[in-house]
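Both blocks below hold the same protein chain, though in two forms, and each is given as structure tokens: structure 1 and structure 2.
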Structure 1
Amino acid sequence: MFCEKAVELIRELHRMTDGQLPAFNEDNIRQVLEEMKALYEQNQTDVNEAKTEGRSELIPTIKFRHCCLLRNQRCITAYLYDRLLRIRALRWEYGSVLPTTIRFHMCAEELEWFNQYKKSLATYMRSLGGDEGLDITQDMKPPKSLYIEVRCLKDHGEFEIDDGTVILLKKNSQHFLPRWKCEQLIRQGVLEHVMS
């Protein structure tokens, strides 16, 4: 049946919760594009036949195929656009370095798009706030306090805060740190916010 693979792509995205990125389904996209090519070629043949031989009974079939082409096009565009929105949200959630499990689900073009988006965002942040720039990705939620208690989930090594104090982040160690200094590490899964 026409358009089944295209609709399957949309259903695949719909099944995933927000913040999750399914593996790029190159096989289904290739099959949809092949179907579109076959529909287009069939339409070209029928249009030429309808014009030269005056076969007006082919017009409903041509219109049906054209509608299928447009539906496939919309489904692929929606699939790719939704993936880009999810990848953009991942940049804000995880920072400039994505975990390998997420990068594994992206195709080469999406990785290139992510890197370009990352560079554009960095350029914009450098243009804000004077010489040092302003990191607009820091406080995703308004802070209730400037310092928070965190637990280290894995060995990370030395971590320096603004006053020059160097803290060794070892697995299962707990620290009282400035929120803005450790929020990125929380998103990367190195630290965990300990709720009292």
Structure 2
Amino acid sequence: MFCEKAVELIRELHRMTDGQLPAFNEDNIRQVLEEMKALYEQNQTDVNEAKTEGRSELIPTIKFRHCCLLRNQRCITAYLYDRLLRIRALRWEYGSVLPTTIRFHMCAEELEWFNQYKKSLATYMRSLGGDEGLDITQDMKPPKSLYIEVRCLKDHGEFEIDDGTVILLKKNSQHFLPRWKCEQLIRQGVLEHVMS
């Protein structure tokens, strides 16, 4: 049956329920586009024959191939769209700099889309809250205190806080830091929020 390759793309994404981004399956997409080209050309031939020689018995077959073309189109569109939803989520979960391993999973166009999205978000955030703008990717949970206790989960090197003090983030060290400086590092799994 046609369109099996296209559904494979969907299954690949559907397996990753947590929003992980698998590598861009360029190979599979190419095969689907090739199948579409073949179906389209066969239909062009049959449509001409049906018109010029009145062979209306070809119509069910033409319709059959047309259904397959629509199906392939749907699968590819949904595949690309779902990946964009995952990539968008990456900006909110990881921040504006993505780890290289994830970047390798994106195709050139998706990287470009991510950059544009970052810019749009930044422009929007700058337009809020008067002169300074407002970072809406912070304070995802309502804050209970200005400073929080954090433990370092892995070596992260030196870290400067607002008054100029430099903290060394070494694995297992514990610090009492301003919440707004730590939020992103906690999301990235570098620091752990310690509740007393």
Partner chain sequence: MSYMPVSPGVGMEENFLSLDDILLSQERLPCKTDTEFPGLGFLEKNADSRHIPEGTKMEMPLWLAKGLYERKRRVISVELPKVYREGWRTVFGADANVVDLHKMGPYYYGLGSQMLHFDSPENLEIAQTVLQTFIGRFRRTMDSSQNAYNEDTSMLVERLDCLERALFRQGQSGLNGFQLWEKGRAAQLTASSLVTNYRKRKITDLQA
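Just so we're on the same page, residue numbers count up from 1 along structure 1's sequence. Because the structure is a prediction, the values reported are computed rather than measured. The term rigid core refers to the maximal set of C-alpha atoms that superpose within 1.5 Å between the two forms.
> Can you tell which of the two structures I gave is the form predicted together with its partner chain?
Structure 2, which is the form predicted together with its partner chain, differs in this respect from structure 1.
> Core aligned, does the CA of V7 move at least 2 Å between structure 1 and structure 2?
After core superposition, the C-alpha of V7 moves less than 2 Å between structure 1 and structure 2.
> Determine, after fitting the two forms on their core, whether E158 shows a C-alpha shift of 2 Å or more between structure 1 and structure 2.
Yes, E158 moves 2 Å or more.
> Once the rigid core is superposed, tell me how far the Cα of G189 moves between structure 1 and structure 2, in Å to one decimal.
After core superposition, the C-alpha of G189 moves 3.7 Å between structure 1 and structure 2.
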